[in-house]
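Presented below, as structure tokens, is a lone chain in the form predicted alone.
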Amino acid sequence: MRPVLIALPVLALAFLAGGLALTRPVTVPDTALAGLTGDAIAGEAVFWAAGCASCHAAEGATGAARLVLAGGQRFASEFGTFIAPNISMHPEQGIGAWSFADFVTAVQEGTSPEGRHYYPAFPYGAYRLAARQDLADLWAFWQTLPSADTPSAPHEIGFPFSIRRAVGAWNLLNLHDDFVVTGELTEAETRGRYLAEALAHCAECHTPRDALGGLDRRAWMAGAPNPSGSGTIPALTPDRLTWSEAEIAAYLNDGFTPDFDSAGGHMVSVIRNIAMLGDEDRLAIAAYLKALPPAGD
């Protein structure tokens, strides 16, 4: 009996140590980014494709105001309300003092420069699939953006979801390094997959989630409840979205459906982003959506 009593605390400590190691915040070292040089012109296209302004500019902002990433938009969820932070180039209130490695670590690993987990309301799970050259270009463009001195507001998250270390366990369950749609894809479908799954993170809204808030990859783009509690977000699979590729591309450009209805809600901002891309990118997204497996029932 005595050896068992001694072994139990040892096993408990070993389990705790293993859990802490597995859930630790991950960082990207400078050496992993050696040789990357960014192009700000190319980075602007990445900026719009990634939808940065949709969450971090003021709600309803248009024109040049969409480049002022002072944060403040509120995003309600069953876990609490997340408030978009200031990610402008302000050195204290924003991310102006970050290094490129800090930026990539945040975007692809969900880890802050202070070594804390970000909440996955920040779609780093999608951005981790982005090409590092695109991130270098994006960071170069970021240097051209205006500074805003608005302090970031704290998230309104209650216990136990306020335990940041628990996000590390969530990451173990939900971070993936592969695309969902695989198999033989055309060049356009491959480009569309990259835009939709990695940069534009369409699944964050259009895919249902499990009890812990992870995306259900078995029901990819099959529609989901609206986190605001009002209505549902539609499926984008070809058995549900029956528009032609040309009609999908046109909608992503001007927000008008084939029936002359118009986009509403957060999709208005998404379309403002995608409209900044070239026609070939909108057609690529449409081709990808047509290649999705059906949602079924």
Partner chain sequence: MMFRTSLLTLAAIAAAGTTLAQDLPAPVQARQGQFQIMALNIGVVANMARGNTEYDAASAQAAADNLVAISMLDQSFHWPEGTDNMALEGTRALPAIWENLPDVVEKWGAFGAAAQGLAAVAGGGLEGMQAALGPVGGSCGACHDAYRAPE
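Residue numbers count along the first chain shown, from 1. None of these values were measured; they are calculated from a predicted model.
Beyond what is shown, the protein has a form predicted in complex with its partner chain; the following relates to that form.
Of the heavy atoms in Y251, some are within 4.5 Å of its partner chain in the model of the complex.
The closest non-hydrogen atom of V268 lies within 4.5 Å of its partner chain in the model of the complex. For S162, no non-hydrogen atom is located within 4.5 Å of its partner chain in the model of the complex, even though that partner is not displayed. Using a 4.5 angstroms limit between non-hydrogen atoms, A40 is distant from its partner chain in the model of the complex. This chain appears without its partner; in the model of the complex, the one residue of L241, A45, L33, A263 with a heavy atom within 4.5 Å of its partner chain is A263.
For the residues T81, Q133, N226, S99, the 4.5 Å heavy atom test against its partner chain in the model of the complex is passed only by N226. Within 4.5 Å of its partner chain in the model of the complex, a heavy atom is found for all three of T232, D259 and R272. Along 36 to 74, one residue reaches a heavy atom to within 4.5 Å of its partner chain in the model of the complex: G60.
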